[in-house]
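Below, in structure tokens: the form predicted on its own, a single chain.
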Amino acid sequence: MRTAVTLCQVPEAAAGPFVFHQALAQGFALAKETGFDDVELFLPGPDHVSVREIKSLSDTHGLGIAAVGTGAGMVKHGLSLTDPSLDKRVAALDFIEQMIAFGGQLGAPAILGSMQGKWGGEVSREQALEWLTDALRIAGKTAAKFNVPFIYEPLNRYETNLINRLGDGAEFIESSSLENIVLLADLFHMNIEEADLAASIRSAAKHIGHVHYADSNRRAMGFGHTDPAPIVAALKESGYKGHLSAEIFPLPDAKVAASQTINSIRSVL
């Protein structure tokens, strides 16, 4: 398993669960200094920075790109794949496909989290899931062109009412015959929704492609009440080779949060 830390460049997400909010060059340097293997990028969009610049920073600091987020499509542009408006759904998928292409050129998969949206009002659960399924089919095919998967993240009940648990995400992938789609096991969301995190990981193991390593309070592991040992043991048993990525609040400050994450991961690997 490899370690990663989040670098955020989205002003609208300044209060969000991302570790380093500095300019990218400084963020890369801090990630390297702290001891991470790679970085996870949360950008305003595909045109915020060139692929060439990211490759240069990656080479300079010896850090790979673990993944790229698509959440700015929601927090900055108000887009989701299950919006009642056809125009907004089309714009949402276009934004996601552009982020897939951006990440794909870096060998990194894109993540779908908040942009999945939710059902309610004039949109039934069945309709929302149909739209989500159609979008994931397209996203999976687009990602395959770059030889990377597309990552779908079940979120807790306060952020979506579509799919909240890892097992439900696995069933959704299988029942919909989705190809090139993997799940993101976010330990913060799982702490809210899962009865047993390690058991859930074992059950959905073959579908897990990324892990957000966060404690129960979305702070660095060790600053809440999660025991990471059985979780990481379950990942090891399943043969998971992906990232443990710190999508966490930078508390009490970014450097302490980053260092605490690295120390926690080292203690259980």
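Note that the structure is predicted; figures quoted are calculated from it, not measured. Position 1 is the first residue in the sequence shown; the rest follow in order.
Heads up, the form predicted together with L-Erythrulose isn't pictured, but that's what we're talking about next.
Within this chain, Ala135 is remote from the site of L-Erythrulose in the predicted bound form, having no heavy atom within 4.5 Å. Not displayed here, L-Erythrulose is kept clear of Glu179 by more than 4.5 Å at the level of heavy atoms in the predicted bound form.
Under a 4.5 angstroms non-hydrogen atom cutoff, L-Erythrulose in the predicted bound form has Leu155 among its neighbouring residues. In the predicted bound form, L-Erythrulose sits beyond 4.5 Å of every heavy atom of Asp196. Stretch 211 to 219 is the answer when you ask which of 232 to 240, 56 to 64, 30 to 38, 211 to 219 has residues with heavy atoms within 4.5 Å of L-Erythrulose in the predicted bound form.
Ser114 is the sole member of Asn164, Ser114, Thr142, Asn191 with a non-hydrogen atom lying within 4.5 angstroms of L-Erythrulose in the predicted bound form.
Proximity to L-Erythrulose in the predicted bound form, taken as a non-hydrogen atom within 4.5 angstroms, holds for one residue of Glu159, Asp94, Glu130, Glu171, which is Glu159. Although L-Erythrulose is not shown here, in the predicted bound form the stretch 219 to 250 places heavy atoms of just one residue, Glu247, within 4.5 Å of it.
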